[in-house]
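Read the single chain below, which is given as structure tokens and is the form predicted alone.
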Amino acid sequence: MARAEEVNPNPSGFRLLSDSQLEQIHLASLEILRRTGVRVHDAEALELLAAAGCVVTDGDLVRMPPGVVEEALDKAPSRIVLCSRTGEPAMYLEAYRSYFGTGSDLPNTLDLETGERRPSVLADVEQTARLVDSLPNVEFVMSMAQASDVPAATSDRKSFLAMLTNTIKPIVFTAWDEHGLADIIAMAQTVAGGRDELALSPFLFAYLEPTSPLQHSDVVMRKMMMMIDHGLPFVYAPGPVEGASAPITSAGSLAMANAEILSGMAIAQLKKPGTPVLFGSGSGPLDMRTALATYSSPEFMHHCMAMAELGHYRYNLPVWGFSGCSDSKLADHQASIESTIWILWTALSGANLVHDLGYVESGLTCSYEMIVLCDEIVSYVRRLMDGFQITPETLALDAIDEVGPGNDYLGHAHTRRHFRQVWQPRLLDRNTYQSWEAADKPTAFGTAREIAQQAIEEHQCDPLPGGMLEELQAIVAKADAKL
């Protein structure tokens, strides 16, 4: 099995858990799968597991020998490449490359015009995709909104089409069942130019998750099998709540979630060795005062950092991450504080595919302004992570000698060569008080709102080739007709 020395070192040097602690978590997960087992509600998956030497009792309770899991880990690829809608490589999910994007399926949206919380609609999917397409530091899109103004049974197809037509960036999507997934894959194959072309240069990535604690539902298993049959990548990420659907302790929650992932990965690799699966999960504690799951607690961040370290140092797998999300109800100071901590923390972890930029209200509400603000924070944090070079040119000994004591560097050639390398904000204010006052005292949130409004009104995504939109709409219309 791949070990830490085979993985590029974390440039930050930060570690939450030692190698021995990661090994303890791994062994605990193996023991959960051996002793307690998982429920697998799918006949094909049960057949694969039984043939591999797993013990199946009580109809669908599967207990796994450690060797089955270890063998699956050896077969899982250590990198996944996602492309743009036009087929160019866009994201290399490997080592410590971090790519940030939005989240999906939020029932509420903070209206960009009124600021009021309202039910999400399909236009929010279109507009957030267009906004993401315009932002330089948000590299993939998820639906953000769960459209309430279209039939629920086919809203997954409509959301996917809305994203397809409003961004060329990679799409991470959800599908309600295997029928919706089949239609989404058909749309993607139409755009890519066929089944083989899509498998070779995928621009879509499925979000799948087990049901905590320790269950693999029939619906999710059927979706997983379909993604595997088409050679397409997916994440299989549990979302247990500590104290409710997972142990309240961070170590127990981590071990259980890891067992859920590893058992799902075993099924995937038994079905087809080499299947690209992203590793990771998100788990925060239940706040016992409010009975709400926390989204920006230190314990949630601990869980995600530990998962990233398991993926990088123990398994040599690409990692799923969280960032830019808040428990605040508004795009406000709390949201900006929590989002900033999240983005910096995730960058330190080196998680690869990092979602949920723009989430507020603990993953229930979308904020356009927060998506823009997170774009700025990602840029800031990336500059921090880049550090600086020490070379004869950057040490500037000649320039220091030429300027000498008591003079300035404003007109020096060394300054002219390098001043454009200084990071420049788009939202954060560096003006004088007088200039800020003369500009009507802009705020970061107000400027973010203006940027979002302008992008939604003016930004144009590269259009689909002629006639293709009608083909895609026909797929969705056929699904509607079946209702």
Partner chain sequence: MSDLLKSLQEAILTIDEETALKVTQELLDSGMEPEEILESGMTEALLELGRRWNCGEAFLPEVVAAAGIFERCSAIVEPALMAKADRKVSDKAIIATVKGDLHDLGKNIVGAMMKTVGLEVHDLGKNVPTEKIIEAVKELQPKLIGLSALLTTTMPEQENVIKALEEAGLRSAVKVMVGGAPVTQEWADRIGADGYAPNAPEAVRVALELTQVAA
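Numbering follows the first chain given and starts at 1. It should be emphasised that the depicted structure is a prediction, and the values quoted were computed from it without experimental measurement.
The same protein has a further form, the form predicted in complex with its partner chain, not shown here; the description that follows concerns it.
Student: Among 397, 410, 288, 390, which has any heavy atom within 4.5 Å of its partner chain in the model of the complex?
Tutor: The option sitting close enough to the partner is 288.
Student: Considering 364, 200, 112, 337, which brings a non-hydrogen atom within 4.5 Å of its partner chain in the model of the complex?
Tutor: Flagged contact: 364.
Student: Which of 244 to 252, 78 to 86, 271 to 279, 303 to 311 has heavy atoms within 4.5 Å of its partner chain in the model of the complex?
Tutor: Comparing against its partner chain in the model of the complex, the contact stretch is 244 to 252.
Student: Could you confirm whether residue 153 comes within 4.5 Å of its partner chain in the model of the complex, counting heavy atoms only?
Tutor: Answer yes; at least one heavy atom of residue 153 falls within 4.5 Å of its partner chain in the model of the complex.
Student: Should residue 193 be counted as a contact of its partner chain in the model of the complex, where contact means heavy atoms within 4.5 Å?
Tutor: Output for residue 193 is no: heavy atoms all beyond 4.5 Å of its partner chain.
Student: Report whether the minimum heavy atom distance between residue 211 and its partner chain in the model of the complex is within 4.5 Å.
Tutor: It does: once its partner chain is placed as it appears in the model of the complex, residue 211 has a heavy atom within 4.5 Å of it.
Student: Are any of the heavy atoms in residue 231 no more than 4.5 Å from a heavy atom of its partner chain in the model of the complex?
Tutor: No, residue 231 sits far enough from its partner chain in the model of the complex that none of its heavy atoms falls within 4.5 Å.
Student: Taking its partner chain in the model of the complex, would 13, 96 and 137 all count as contacting it (heavy atom within 4.5 Å)?
Tutor: The answer is no; none of 13, 96 and 137 reaches its partner chain.
Student: Within 90 to 107, which residues have a heavy atom closer than or equal to 4.5 Å from its partner chain in the model of the complex?
Tutor: Residue within 4.5 Å: 107 only.
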